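Just one chain follows, in the form predicted on its own, and it is written as structure tokens.
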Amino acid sequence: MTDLQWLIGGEAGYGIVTTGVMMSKIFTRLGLSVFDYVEYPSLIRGGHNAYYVRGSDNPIFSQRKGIDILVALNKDTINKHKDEVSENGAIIYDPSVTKVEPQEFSPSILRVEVPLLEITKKVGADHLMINTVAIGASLALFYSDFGVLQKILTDVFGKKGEKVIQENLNASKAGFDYVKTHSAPPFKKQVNALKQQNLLISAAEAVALGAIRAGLQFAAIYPMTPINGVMTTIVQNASTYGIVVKEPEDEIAGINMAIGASFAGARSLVATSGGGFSLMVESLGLAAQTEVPLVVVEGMRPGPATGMPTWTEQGDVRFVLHAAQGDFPRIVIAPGDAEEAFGFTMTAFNLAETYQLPVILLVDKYLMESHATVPFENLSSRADSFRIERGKLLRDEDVAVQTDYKRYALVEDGISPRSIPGQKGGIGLAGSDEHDEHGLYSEDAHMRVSMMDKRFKKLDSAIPHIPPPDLYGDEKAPVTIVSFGSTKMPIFEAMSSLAREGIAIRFLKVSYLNPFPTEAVASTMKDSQKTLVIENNKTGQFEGLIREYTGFSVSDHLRKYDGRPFYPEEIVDHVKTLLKK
């Protein structure tokens, strides 16, 4: 069995992210199941960057604690990660840059001294290309054929011209050859190529591609971690699919642009982080009051205020459920991996237009900036089976016969037929004030109650069409984990690890936070011997949501709020402790 985790660490500006993605591509080309995760500070230059890449010939779902190959571009990487190196692991470093003391690593760990700076000089490359030398050196430790990296470098730098391609090939090949010549004894963990082909994708890319498949026509995105990948992916495909993409002056302008585009009949999207969403909340209420369909991607990161902008957390649950003044319906969906991000994004657009309300995709930094391999057929089958549903959007021939069009007609399901500007006979008013059926300003008490009830009927109409939570594992397991969002990934990994030890657990993954699947969650809780809620926040926001809707209190909880995602080992240890109780 192959299960290899590689980490490169160094100062920002030395291509840590580029090199990490390249290693993920190497593992993917070799047919492995891949997961990667990046950590970096909120600095333009400097500070410690670390990129974890894990590959296995069995399905994997997250990073793990042990590092098999540590590439240290500076001493800081040694200091921060030396305790993570696994038994029989290896460390690659330049002795002229990074001094490694004899007592820092056990004798079982292979020390691979590579003169990274000297090699860059010999091949005529810039000193910043030590990362390129390092990836060639890394490949040499666990695989014998340089050709796989040669193809990747040619693809990655193809648009930059033959000179840039050759510089990178020379640097990486020199690192590869040096290790093949000088490294002894050989590294114990070798990789055998498999024939399977997967797609390496981040959830940010999956959200963007899901939006494009759903018929996206307009996107307004002010760049912020962790949703930048959504913006760049849409921009890269905008001309091909006829999408208008705007980088607004701020988040308030962005959501108002998206509302305007949707009012005009375009499928529109706005994406932001928790900080940007804070600025958008009044306009979120505007979308609800005017019943304009809107898809919002909200990327969680640690708060409050600026908090830790390049780290991860799940602390915005209550915020998105209650953002903006007053009561109004919204749908909140929390995908748990890249494949779900793709599917739920497509669904979000259909829900927004069918029920004429805001739909919020609640994601986080861990989910959006990690990459994972997904079988091609999984995404293609989701894309092929998807059908665009625009709800009660009137056609020109429908409105032409209207003599008294009421944009906010008090219909039984709460969803009034929607026209778009320019349709003769379908002229409707839309404002931020309470209104009557025509959209005219009204403070009449009876009309206020009727309009509020009408808007909330939409959720009643939606509930029968929203799928229940996913339940994984043995139904007779003594512990049921309940969670949402990106915690799915390390929970799945922990389940695999526990299963190898003969310990069965089950996992209820809640994707729709609003409307909350009360009956399904209550039923599972009732049938569980012990329940464990896992979430990345301090106050147990999701646990409180369960208690609020079901009346059940859980047996135990595991919370983490240091800016880092869960390691599967943390979950395994906690489950074992809970079982002992």
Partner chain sequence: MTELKDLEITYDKPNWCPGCGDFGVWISLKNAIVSLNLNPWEVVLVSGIGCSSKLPYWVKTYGFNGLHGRPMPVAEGIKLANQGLTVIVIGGDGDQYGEGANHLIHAARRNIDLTVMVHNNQIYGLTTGQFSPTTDIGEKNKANPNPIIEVPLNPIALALSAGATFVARGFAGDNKQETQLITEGVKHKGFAIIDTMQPCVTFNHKNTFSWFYERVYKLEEEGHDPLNRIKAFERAEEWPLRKVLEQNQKERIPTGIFYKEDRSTWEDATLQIQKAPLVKQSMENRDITPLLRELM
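Numbering follows the first chain given and starts at 1. Treat the numbers as computed from the prediction; the structure is a model and nothing was measured.
There is another form of the same protein, the form predicted together with the partner chain; it is not shown, and what comes next is about it.
Visitor: Looking at P421, G158, P478, P186, which is the one with a non-hydrogen atom within 4.5 Å of the partner chain in the predicted complex?
Guide: Exactly one residue meets the criterion: P421.
Visitor: Work out which of F142, F342, F492, F176 lies within 4.5 Å of the partner chain in the predicted complex, going by heavy atoms.
Guide: Going through each option in turn, the one that passes is F342.
Visitor: If the criterion is a non-hydrogen atom within 4.5 angstroms, does every one of Q150, A288 and R330 touch the partner chain in the predicted complex?
Guide: No, none of the three is in contact.
Visitor: Tell me the stretch among 25 to 33, 552 to 560, 528 to 536, 56 to 64 that has any heavy atom within 4.5 angstroms of the partner chain in the predicted complex.
Guide: Checking each option against the 4.5 Å cut-off leaves 25 to 33.
Visitor: Q190: heavy atom within 4.5 Å of the partner chain in the predicted complex?
Guide: So Q190 does not count as contacting the partner chain.
Visitor: Indicate whether G265 is a 4.5 Å heavy atom neighbour of the partner chain in the predicted complex.
Guide: Result yes; G265 sits at the interface with the partner chain in the predicted complex.
Visitor: In the predicted complex, does Q103 come within 4.5 Å of the partner chain, counting heavy atoms only?
Guide: The answer is no: Q103 has no heavy atom within 4.5 Å of the partner chain.
Visitor: With the partner left out of view, is D250 within 4.5 angstroms of the partner chain in the predicted complex by any non-hydrogen atom?
Guide: D250 belongs to the contact set for the partner chain.
Visitor: Could you run down 270 to 294 and flag each residue that has a heavy atom within 4.5 Å of the partner chain in the predicted complex?
Guide: Heavy-atom contacts to the partner chain in the predicted complex: E282, S283, L286, T290, V292.
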